[in-house]
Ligand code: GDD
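Presented as structure tokens, the chain that follows is alone, the form predicted alone.
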């Protein structure tokens, strides 16, 4: 069973964390996001994963020099230019010689979806493409997918205006495709699978969907990247994982509450870290407070400083002693 994993985006929503690192290589409780995604694929029977790369592909090649990740064989397809979702799928499938039924998924989605059930439904319906659906409170940010009783997709509505969506079941970013879908994707240009390919499959009645309420989070924003970390340590993805890495230092008098402290990070005496994530090598100075925020790899939060309301610091950033940051980005990637 082969899967194409889309990991070529620039990760703009997660800046400044992604100014130097592709988002799928960011750690989730110490394990690269891509490794978490591929491990789930392995558990569902996937043996080969083709990584559709674009932004900083060397980060993936260097991390997995033996071309294996979580027991799965890796293949790489580096886009010469951004080709959007369908264009990336076609390019990766062509590069890897995919000529049989395969899976496609977004590399920034962490989910407990039963991929084997999606594969089985696809086979039972004789579908050309089958997509996973997940329910959300606000479907206006996503592709909304109403379906018939047999699972046949009746429409594919990309990002409907708030309050106008016919359903709250959205495209969950995992698909089973027949090779014939590749022939529907024009070569050499950007093609959106959501806006072009799927609507044409709907017209032909060959697109089906599986609704699933399994755990699903698009980890591509600071809020959701923070959420998935806390979900792991809270045991929402199985057995709870340790929140504080053995090599981290939490000094006497420091307080760490419902927070992830990764390898080599330090929380000095009198500091408080709550509902937050400290990436490897981060330092929180004496008496500082980090609340609901993300401190990037090697970042230093000065003594007595305060980070609140989803403040995010990038690689090696420094927050001056005594500073107060609320919802800030350091450095400001848009400045």
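Residue numbers count along the first chain shown, from 1. These numbers come from a predicted model, not from an experiment.
Heads up, the form predicted in complex with the ligand isn't pictured, but that's what we're talking about next.
- Message: To test your reading of this chain, name the stretch in 121-129, 178-186, 249-257, 216-224 whose heavy atoms come within 4.5 Å of the ligand in the predicted bound form.
- Response: Of the options given, it is 216-224.
- One residue of 156, 232, 102, 208 in contact with the ligand, assessed in the predicted bound form (non-hydrogen atom, 4.5 angstroms): Result of the distance check: 156.
- Message: Considering non-hydrogen atoms and a 4.5 Å limit, which listed residue (28, 271, 53, 46) is close to the ligand in the predicted bound form?
- Response: Selected option: 53.
- Query: Wondering, does residue 9 line up within 4.5 Å of the ligand in the predicted bound form on heavy atoms?
  - Reply: Judged by the heavy-atom cut-off of 4.5 Å, residue 9 is in contact with the ligand in the predicted bound form.
- Contact of residue 24 with the ligand in the predicted bound form (heavy atom, 4.5 Å): Yes, residue 24 lies within 4.5 Å of the ligand in the predicted bound form.
- Classify residue 88 as contacting or not contacting the ligand in the predicted bound form by the rule of any non-hydrogen atom within 4.5 angstroms, answering yes or no. Residue 88: yes, in contact with the ligand in the predicted bound form.
- Query: With the partner left out of view, is residue 72 within 4.5 angstroms of the ligand in the predicted bound form by any non-hydrogen atom?
  - Reply: No, residue 72 stays farther than 4.5 Å from the ligand in the predicted bound form.
- Hey, which residues along 180-196 are within 4.5 angstroms of the ligand in the predicted bound form, non-hydrogen atoms only? The one in contact is 194.
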